[in-house]
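A single chain comes next, written as structure tokens; it is the form predicted on its own.
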């Protein structure tokens, strides 16, 4: 099940890749949901004032939507770092994607006190690969 935060994160990343409005098809592909499901959630997010949707043009996050998407992305990065740095979970990205929808902001903040998060988070996130590029480098180094 994809949460509001996961949709906002996916739209934010899709907008970065497209350097403009996010197509609902690309958002659906990124979340591995049907276009109908993506359209339904996009309508709900528009009703909440988090994005503007124009048929055939795509989706643009509002300022509030961008802030919430960046918060969701930061929480995702915190979970990733906690899983790899503290718990040493080998498949940390799969686990992080599972946990991102169920961990609330308070838990993420407490995990953040344990890890050594990079100051450029979440701007270090690689939208094209849907991964934190900094963790990717560290993971390659540690596997040698």
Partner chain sequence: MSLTQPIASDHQLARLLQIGIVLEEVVEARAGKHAAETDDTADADLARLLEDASAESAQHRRQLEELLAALEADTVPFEEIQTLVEAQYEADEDFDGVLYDQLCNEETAYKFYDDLIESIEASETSFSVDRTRLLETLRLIREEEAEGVEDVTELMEARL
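Positions refer to the first chain, counted from 1. This is a predicted model, so every value here is computed, not measured.
Keep in mind that the form predicted in complex with the partner chain is missing from the display, and what follows is about it.
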Assert contact_stretch over 43-51, 56-64, 99-107, 22-30 against the partner chain in the model of the complex, heavy atom within 4.5 Å, equals 99-107
Establish, in the model of the complex, whether 6, 87 and 115 all lie within 4.5 Å of the partner chain, using non-hydrogen atoms for the distance.
yes
For the stretch 66-86, which residues lie within 4.5 Å of the partner chain in the model of the complex by non-hydrogen atom distance?
82, 83, 86
